[in-house]
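This document opens with one chain alone, in structure tokens, the form predicted on its own.
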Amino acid sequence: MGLSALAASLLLAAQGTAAADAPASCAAQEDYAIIVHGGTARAGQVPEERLTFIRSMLGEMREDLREGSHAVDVAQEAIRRMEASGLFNAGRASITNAEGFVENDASIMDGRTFEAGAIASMTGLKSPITAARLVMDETRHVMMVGDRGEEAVLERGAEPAPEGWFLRARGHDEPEEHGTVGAAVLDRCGDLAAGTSTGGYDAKIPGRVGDSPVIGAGTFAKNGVMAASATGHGEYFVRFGATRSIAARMEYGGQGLEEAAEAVIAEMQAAGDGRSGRGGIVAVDAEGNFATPFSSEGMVRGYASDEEAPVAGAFGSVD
């Protein structure tokens, strides 16, 4: 057997072993939790329908987790629904770049296997988060980009966006504020997962990629530690390795989730000029504790757990 054939054989065997190692459903513990975000927010620009949508979706995701669904599947499904809702700057309601077309970025990470998948600067996908999952599951890579990467994920089962799918590109009236979406999940196996999806920011230079598809910046998950998704000024989250930094503070600095997450947000804000460096993070740790620090005026977010019914809000506390 040649080296390339041997490598392929070993890869398939490893993938099969990883799949076999994963239980069909999760029931090892009673604890489970999910937290999501719909991006940063400004006063007067958060339609109630977004919060209503999040509460309803979290109710369904909570039931899935109670019945034993895996964290990575729940994270993907929550984000896919937010992409398809037409309410957030991700998927269907993605804002357009400076040349008037949509470019999507997304990533997903499984804290159990430490595997991840991401896509960036793709223009014709119905569900970017589903494409990111395909990169993780169906390739030996972590990130695929641009038109050639888009061709690769379409060949592996990603669904193309149907004609007229992108609402913003069609010129529909929408609220000025749009938000990146993300989810962080703890399941009843004790596994963690996270994902993020975005259309970037309004009138960006075509080809710009922010933190959302960058593992360790916009998305990170590691069993026994935490899972997190970020939103905000992506360039800062990339420079500071924001979500990985939270995990490092917990692993090596002995900080709790909330302390670590707040420190990272404060560090980025201090490095900014008053407007830049702002944003927020939603995270859950291995015990099901939540953290939602943000330096922006607000952050659309919601959470639910085995003990807590779904709540959502954008400013101050959530309810």
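So that there is no doubt, residue numbering starts at 1 and follows the sequence shown. Just so we're clear, the structure is a prediction, and the values are computed from it rather than from any experiment.
Absent from the display: the form predicted in complex with a small molecule. The rest refers to it.
Segments offered: 199-207, 221-229, 121-129, 140-148. Contacting the small molecule in the model of the complex at heavy atom distances within 4.5 Å is 199-207. Of the residues given (243, 104, 107, 180), 180 alone sits with a heavy atom within 4.5 Å of the small molecule in the model of the complex.
Looking at residue 111, you'd find every heavy atom of it more than 4.5 angstroms from the small molecule in the model of the complex. Proximity of residue 117 to the small molecule in the model of the complex: non-hydrogen atoms within 4.5 Å are absent; the residue sits far from the partner.
Contact annotation for residue 211: at least one heavy atom lies within 4.5 Å of the small molecule in the model of the complex.
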